[in-house]
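Given next are two forms of a protein chain, the same chain in both, each as structure tokens and marked structure 1 or structure 2.
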Structure 1
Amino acid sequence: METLKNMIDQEHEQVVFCYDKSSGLKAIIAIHNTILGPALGGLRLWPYACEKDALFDVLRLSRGMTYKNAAAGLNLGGGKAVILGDPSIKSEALYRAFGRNVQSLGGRYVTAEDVNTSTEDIMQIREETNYVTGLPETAGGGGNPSPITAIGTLEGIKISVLRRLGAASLKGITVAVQGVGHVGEHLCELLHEEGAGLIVSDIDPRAVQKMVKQYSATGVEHEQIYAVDADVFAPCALGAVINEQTIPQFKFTVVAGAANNQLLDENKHGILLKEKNILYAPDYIINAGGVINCYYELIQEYSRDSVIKKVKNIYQTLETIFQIAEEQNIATHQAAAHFAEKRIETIGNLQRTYLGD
């Protein structure tokens, strides 16, 4: 894989390869775009088969963060970092070595937790750099973002249902939730409170049973979720679940859930949903609660109540995106990209004025 060519193709600003002999750290930090502010995105620890796979992943994910942060209205650019390694072998030295690399970028990149990294790991990184967010509540941070992500997802489901079904309330609406882990479980609780009916699936049968017991959900085998009779499909487990195999099974009229990278092929499957008249709430818009939580932890004294208010704006953001899609007769994922690009362009074109020392 030619690194520079890939950077040019996807318009990355900077890609940093990090190695530390004593800790064994092998990492890549990708800064995609800093027009709106420092590049924020989580640190993923993953046993990549080869360097090429790691580079492909970090370039793709950092670009995605530019769009997610811009569309959420945050003064943040997009970045991401990956450590190439075995998630079962973590050490203070590894994270501190990574932290030194983050520090060396002088704030151009801010790290946070992601797949296989925890708030405890972030605390070790913080020994070497202040450019971290997503700290535990005990350290003045926002703590677990999942309940916040679920609140934003609920708002996204509400506006999608209003738009597509004309229903001003979720009472009597059936939602199929795929994956009832950290976000999915909270989402089920909120949906139940709103009077929605629930159909749930998870590869862990105990997680399903819990939802059946607590929220009178109907549990189904995990592959059956795509064909159930429900108004809304809320993917809250894996990516790539919207594809050629699953779309023909859908009886849903709305897809609105928290999982990242739901469309296997962005363009193909986003357009296929539009053609089937299924309203898709773009994943990086509806699941932005976690990053909004991180941003407000970074810029001010953390207050959960004020973060929740900001997260509820996901409702208005999606409403705007649905409007753009309708007016321009384009798919909603395309409208979301236009919306994010417009904000980067508008802010990027502001006249530079001398602000003094």
Structure 2
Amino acid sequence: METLKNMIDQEHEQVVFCYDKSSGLKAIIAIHNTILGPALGGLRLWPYACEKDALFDVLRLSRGMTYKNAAAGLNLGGGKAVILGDPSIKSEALYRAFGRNVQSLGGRYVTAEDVNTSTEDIMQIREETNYVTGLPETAGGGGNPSPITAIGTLEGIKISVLRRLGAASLKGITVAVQGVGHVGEHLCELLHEEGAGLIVSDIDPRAVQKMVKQYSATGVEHEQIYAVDADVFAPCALGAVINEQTIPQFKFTVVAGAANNQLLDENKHGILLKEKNILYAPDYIINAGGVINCYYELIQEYSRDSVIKKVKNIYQTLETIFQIAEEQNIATHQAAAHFAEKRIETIGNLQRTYLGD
């Protein structure tokens, strides 16, 4: 496994492997870029088949956080952490051992919740480090960021539908939501309130039935979601679901969802969507609501109204990115990268000026 080569290829600054015998902790922390500020990104607990899979995931996710934070206008770099383990087996010792590793980095990485971790888990990590965000409201934090992420995703769907379909309203628009967990469930509620029709899938059939009952959604098997008749595909589960096997099945005109790293191969599959005239809302732009929520908590200026106002700017950010893509005749994922990289370069130049480099 060529860890250093992978780091160099993706321009990571640091990768830390963490192990604690007594708690069973096996984790990887990846810091991609800290030009704009400390690297912030959530902690994912997942039963990876092997160390190679975990490294692949954490490197992709941390790089995505750099672009997400930059494009959202936050003074944060990009990082991510993964724990290799069974999500059904959690312990205070596991999270506190992880917290000690975070503390050892001296603030270069700030952790938060992600897949299979919760605000309660973050509180246990906090026992060992101050470099955490996404705390529950009872501890003075912003609480669960999932509803905020869903608000931003809704804004992204609105501008995408307007841009591609010319519809100023989501009434009568059909959205296929893949994954109705924390974010997906809240998104379904918002879409239902907007008058959209829903087709949903999830690996948990109980979650699907809940959406069918509450929001009159049509439930389908997990793998069937790619071929349904819908205007919008909203991936809200795990990444890499847009690939050479799934794209040929698409009848959608818009892809706009909350999942991270939706494109298996960013360039190949982003361009393929463009060639099929499917408008793609880049994932790290549309799903930035959660990290915006965490950022305001981190800088100790938390206000739900301020957070929601900032999150709703995702509409304008995507509008700008779609315009860049159109003017330069490039795919939207390329336009988003240019948008984020320009801010990193601009602020980086300012910092070098101030530091006398």
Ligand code: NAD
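Every value quoted in this text rests on a predicted model; they were computed, and no experiment measured them. The first residue in the sequence of structure 1 is number 1, and each one after it adds one. So that the term is clear: the rigid core is the largest set of C-alpha atoms that superpose within 1.5 Å between two forms.
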**OP:** Assuming the other structure does not fit, state which one is the form predicted on its own.
**Re:** 2
Subject >> After fitting the core, G85 CA displacement of 2 Å or more between the two structures >> reply: yes
Original post:
For T218, is the C-alpha shift between the two structures 2 Å or more after core superposition?
Top reply: no
**OP:** Could you check whether the CA atom of W46 moves 2 Å or more between the two structures, using the rigid core for the fit?
**Re:** yes
Original post:
Core superposed, what is the CA shift for I28 between the two structures, in angstrom?
Top reply: 5.0
